[in-house]
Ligand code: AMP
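Just one chain follows, in the form predicted alone, and it is written as structure tokens.
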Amino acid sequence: MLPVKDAESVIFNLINSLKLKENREKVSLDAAVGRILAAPVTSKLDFPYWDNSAMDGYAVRYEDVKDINPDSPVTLEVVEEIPAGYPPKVTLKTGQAARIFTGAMMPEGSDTIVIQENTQKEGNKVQILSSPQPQECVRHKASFYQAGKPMLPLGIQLGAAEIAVLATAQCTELTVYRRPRVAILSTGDELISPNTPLQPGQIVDSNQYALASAVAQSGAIPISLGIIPDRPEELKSAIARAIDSADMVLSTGGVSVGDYDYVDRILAELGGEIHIRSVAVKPGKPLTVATFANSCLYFGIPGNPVSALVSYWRFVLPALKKLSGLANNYQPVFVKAITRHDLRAGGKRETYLWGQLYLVHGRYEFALAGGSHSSGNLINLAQTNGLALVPVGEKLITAGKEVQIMQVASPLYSY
């Protein structure tokens, strides 16, 4: 069995040799959310585009207002009103001011804004009641971004903030990595779909739905291939189709050491190179990782539903993020938290216990899910957003102690 960190390193190194990053496509800005940039972005525009006012008030020449005190205000002639979106038409001269609104262009000759709270208007005159700082409330052209310089690097995921930046820069078409295609299949004669009447000895296949949902949440494209019976030829045919049609394959079941566990043998027959067969982790010890000549990456994960999802969160999702083209931030996120409950493990394998991660007064706390922590108990996995890590060699972390938590969703907030 490989240690968890060694297995993670092997998986990440395999992705370096895959060809997905050669597959790029153009998308419009309104279809770019969630996509990964495949080329750095620059703009021909400065930002701000021109000097503009950060506040409602009056554009002035600093020399005219620098020596004001409460006993000696200065009165200026208002020669223009400049709403946002309209170019100024007048160049300010000594003793003049322009009424200006937030976001409006600064008129020529002005260099400072006096906010309206520090003024008193009388007809076409304005009394300045206190001295501003030089260039106060002026947003200068190119002070946020200079045209031609790097704006966004390749390998980042585009969210709302990045989309806003691109819109501002008038970048309406982007080069992104294509979304990875992930084939998903469940193996086992005992499995049935949720819409099939349940018979004694049968098990409803939840893995197909859980993994397809998780893959879709990651931004990749799930290809659900359904349930494949424990018959070697049918399984081999299904796996071959999956390898040919996808960048990554996820199969559940058939990777242990039982009489009906055929996956590793079939992968070898199909020309796969097997890099991992098991990992010193609980749940999820049986883990097969293989690669093929067409660069497909294969994960054979356990069939028990908790083991399947924990294996996905710990090993598959980080690999899928890197495969998607993310340059950074694809590794699992761990935070330190205080556990509210005792955490128990066997001590021989790195153990992950599921539950809820809370942020309480700026500090993380972890609540262990109730009920049995069995790899077959899917019920108490609901609402999990964190996995508490009990390291190899430890059998008990008592309540109130600090523990490492792997985040699988956003923490809950408690005030």
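Not measured: the values here are computed from a predicted model. Numbers follow the displayed sequence, beginning with 1.
One more form of this protein, predicted in complex with the named molecule, exists but is not displayed; see below.
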| query | finding |
| --- | --- |
| Proximity of Pro305 to the named molecule in the predicted bound form, heavy atoms at 4.5 Å | yes |
| Distance check, Asp342 to the named molecule in the predicted bound form, heavy atom within 4.5 Å | no |
| is_contact(Ala167, the named molecule) in the predicted bound form, heavy atom dist at most 4.5 Å | no |
| Partner proximity in the predicted bound form: Glu273 to the named molecule, non-hydrogen atom cutoff 4.5 Å | no |
| Stretch in contact, per heavy atom within 4.5 angstroms of the named molecule in the predicted bound form, of 169-177, 297-305, 89-97, 135-143 | 297-305 |
| Partner-contacting position among Ser324, Ser311, Asn207, Thr112 - heavy atom within 4.5 Å of the named molecule in the predicted bound form | Asn207 |
| Answer option from Val335, Val78, Ile221, Ile203, heavy atom within 4.5 Å of the named molecule in the predicted bound form | Ile203 |
| In the predicted bound form: members of 78-109 within 4.5 Å of the named molecule, any heavy atom | none |
